[in-house]
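A lone chain, given as structure tokens: the form predicted on its own.
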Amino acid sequence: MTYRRRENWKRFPELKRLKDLSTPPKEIYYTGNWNPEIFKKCVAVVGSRRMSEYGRRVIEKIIPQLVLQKKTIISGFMYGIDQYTHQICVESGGKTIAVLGWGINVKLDGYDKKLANKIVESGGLIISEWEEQQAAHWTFPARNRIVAALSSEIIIVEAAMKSGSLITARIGNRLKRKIWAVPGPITSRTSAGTNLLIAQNKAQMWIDSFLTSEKITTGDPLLDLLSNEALTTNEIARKINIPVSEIGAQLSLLTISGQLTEREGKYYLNNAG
């Protein structure tokens, strides 16, 4: 793919949020069809490179709703939560901006190349502040500041205690962006960072917007099963013939949304019968 440079980017109103940074980029390089409208309602969605099944399901719920709200989704184009965010956004008919942690002219291959092509073909952008810079430890935190600055809201889906996503959250807080964190199982390392953000009041818990508005009361085999008796994860998986990993992710979401309660390893349907 060919790329171009947005010279003197400070003259472009759509990039005015970058001026909030103490060290804004000197230049912006990009691939795609530059459309100022894409920058008007931007939400960053970022998370762990070690995406769990729970994180996957959360992305599949959050992103389509943001697309319906005509939001542009920004993420960091790394494997895991970031790339899956871009993928689901494109598949949902939305626009997404991928901010690279390396130079725009660094060659992509395999899935990275296919995803980049899909982003551009769907009207999104690939951007970087560098032309030839190779990826390094320092380039990813530098990228995170651009992700945070361009967004009005930041949603952290999964993050370990030393995750780069927490850097994005800290930058977002300094820039006075709205920070959301998706709570996760207390046994999950990839949810430790998001749970801590919520506990320390550094992020608002993201549940009502996509969970409590989606109460499943009929037609769901898991909830139908629990309407009769309390069961463990293994018992549920065995009865409805679904892998334990998938059942665990669904149980976590339903518990957070208030539809289920877990006690001593068994799940109870709230307000059953």
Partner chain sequence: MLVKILSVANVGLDTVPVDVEVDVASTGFPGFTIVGLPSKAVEEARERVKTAIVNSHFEFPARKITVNLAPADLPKDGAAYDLAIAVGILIASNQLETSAKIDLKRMFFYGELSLDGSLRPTKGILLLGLFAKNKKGSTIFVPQPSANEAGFISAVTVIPVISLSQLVDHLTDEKTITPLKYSSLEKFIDEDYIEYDLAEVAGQEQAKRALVIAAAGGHNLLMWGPPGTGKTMLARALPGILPPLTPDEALEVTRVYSISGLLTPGEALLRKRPFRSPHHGVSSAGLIGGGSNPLPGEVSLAHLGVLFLDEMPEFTRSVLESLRQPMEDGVIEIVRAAGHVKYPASFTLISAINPCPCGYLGHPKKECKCTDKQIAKYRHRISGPILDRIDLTVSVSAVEVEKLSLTNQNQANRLTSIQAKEQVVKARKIQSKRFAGLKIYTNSQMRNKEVKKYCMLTADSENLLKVAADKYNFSARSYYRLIKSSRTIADLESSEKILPVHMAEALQYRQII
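Please read these numbers as outputs of a predicted model, since none were measured by experiment. Numbering follows the first chain given and starts at 1. What we label the rigid core is the largest C-alpha set whose atoms superpose within 1.5 Å from one form to the other.
From this point on, the text means the form predicted together with its partner chain, which you will not see here.
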Tell me whether Asp109, Thr232 and Arg238, taken together, all sit within 4.5 Å of its partner chain in the predicted complex, counting heavy atoms only.
yes
With its partner chain left out here, work out from 22-30, 39-47, 64-72, 244-252 which stretch has heavy atoms within 4.5 Å of it in the predicted complex.
244-252
Although its partner chain is absent from this view, report whether Arg189 comes within 4.5 Å of it in the predicted complex, heavy atoms only.
yes
Does at least one non-hydrogen atom of Ile256 fall within 4.5 angstroms of its partner chain in the predicted complex?
yes
Is the gap between Glu262 and its partner chain in the predicted complex 4.5 Å or less for some heavy atom pair?
yes
Would you mind checking 53-89 for residues with a heavy atom within 4.5 Å of its partner chain in the predicted complex?
Tyr79
Rigid core fit then Glu27 CA moved by 2 Å or more between this form and the one not shown:
no
Is_shifted Ala249 between this form and the one not shown (CA, 2 Å cut-off, rigid core):
yes
Distance direction in the predicted complex for the C-alpha atoms of Asn195 and Ile247, relative to the displayed form (3 angstroms or more):
farther
Work out the direction of the Cα-Cα change for Ala249 and Gly76 in the predicted complex: closer or farther than in this form? It's 3 angstroms or more.
farther
